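Shown below, as structure tokens, is a lone chain in the form predicted alone; questions about how it binds or moves come after it.
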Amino acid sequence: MAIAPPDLTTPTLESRNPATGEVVATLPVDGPSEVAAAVAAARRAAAWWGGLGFEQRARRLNAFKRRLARDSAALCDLVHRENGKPLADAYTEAVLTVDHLAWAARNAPKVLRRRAVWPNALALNHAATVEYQPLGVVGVIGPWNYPVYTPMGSIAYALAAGNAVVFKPSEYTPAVGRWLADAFADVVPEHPVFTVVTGYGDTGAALCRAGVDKLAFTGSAATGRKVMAACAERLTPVLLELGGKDALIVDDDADVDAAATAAVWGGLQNAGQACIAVERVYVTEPVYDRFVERVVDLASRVRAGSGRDAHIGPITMPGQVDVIERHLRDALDRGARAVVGGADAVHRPYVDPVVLVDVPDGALILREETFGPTLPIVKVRDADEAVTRANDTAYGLAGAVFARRRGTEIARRLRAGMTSVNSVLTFATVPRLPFGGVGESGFGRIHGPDGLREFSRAKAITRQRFPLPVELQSFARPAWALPALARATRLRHGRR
């Protein structure tokens, strides 16, 4: 899809291919007035979109789904050029996005429909219902690492719930955001139900203050705090999907080959640029040596580059290379050993895979989010120690466990919003499961029924079907009425 030429009278931003520096697109830097206009237009569109009802919205969302599936080659090529990730990773994003969009469109009526609830004894003469109504306009601020899949986890569910959306993509991948909005406008041309504003942090701040009914943000905890503070000025509710320091635990009875394969994939795919990437591995003593040997063999074959034979691409955000370099230098200075790669793995804009062992507890690479293709492996006495050390973090996004006997038990003990047992990242592929974290990893949930309800407001209604002989909600009630009610309550609820 062609990107419209910019208006040369307004400030612009250039998105560049991180591998080559080539300009991919030039787009406007939208200021507060442009953002306010977009939200105002979305407000009018929301009235129309919300009034369509589930069936008509699903028909249009399915048309959008077909458009994404049919034109996925063009979309993935744009993701490859603007984000830098290999085409295979871009296709994975597209496939997951289409699946989630299909689920949201299909299941919104069942999850959000009006339903009857049973009233208590005090309201037996009333019918009671609850339904989930659209919020109105949802603002979405998306990341650059998964520029399709991650923001669409909010956008698709917000649209299915009946809201209009104003999306501010990352300044590193604005053309992808514009492509998505243009594709939607092609199948829903009547009103600007899904629109895009582009720019830097100030544009995102303007969206927070523009009167949206909810703001969904994906990014770092530091920026998440700024977003939350800006939204607090208008009491705008927020959904924050922030960073992670996700741990993988390998227990004594794990399938070591499978665990090693998953660790390498979970830690290195997308060059480690994933909030749910494996950033720490805790392996019990009996299987540690075999696990490390297998990881070294697998990770040594992973190649960074821009060619078709590359497994991982460049580091998209130049400043992130500094973080990766600092974490590596700190770990090596503290006595960690690199068994794959090392300090010389950094050659901008690429970082080759690095596997570290003998990493001390205080190392930054075990404490802070690295967001790069690094895999620190730590030997532990047993799975209980692994759980304790995995939970010793301010983050709480996701994790993984490899174990035959205690896998689910260990997974339930991890302080994280999502955990996979005998696999990595699988929870992200299941549309029915909620996605989100705790602590520094944020709050709120996208995906699944929880994701649909996240972008709606619960509406409770009671309707009197017939009057009672004695009206308790009246100053004219008999003097005996409340004492009699109190006695009945004691009889029902006060006995042992």
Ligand code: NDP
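Just so you know, these numbers come straight off a predicted model, no measurement behind them. The first residue of the sequence shown is number 1, and the count goes up from there.
Keep in mind that the form predicted in complex with the ligand is not shown, yet the notes after this line are about it.
Although the partner is absent from this view, A260 stays clear of the ligand in the model of the complex, with no non-hydrogen atom inside 4.5 angstroms. In the model of the complex, the ligand sits beyond 4.5 Å of every heavy atom of N391. Among residues of the shown chain, E171 is one whose heavy atoms approach the ligand to within 4.5 Å in the model of the complex. Mapping the unseen interface onto this chain, H126 falls outside it, with no heavy atom inside 4.5 Å of the ligand in the model of the complex. With the ligand omitted here, the record of contacts in the model of the complex names 144 to 152 of 68 to 76, 144 to 152, 403 to 411, 118 to 126, defined by a heavy atom within 4.5 Å. Here is the short version: of T218, T97, T374, N83, the single residue with a heavy atom within 4.5 Å of the ligand in the model of the complex is T218. A single residue from the set A205, V238, V339, V421 has any heavy atom within 4.5 angstroms of the ligand in the model of the complex; that residue is A205. With contact defined as any non-hydrogen atom lying within 4.5 angstroms of the ligand in the model of the complex, C275 is the only contacting residue in 266 to 286.
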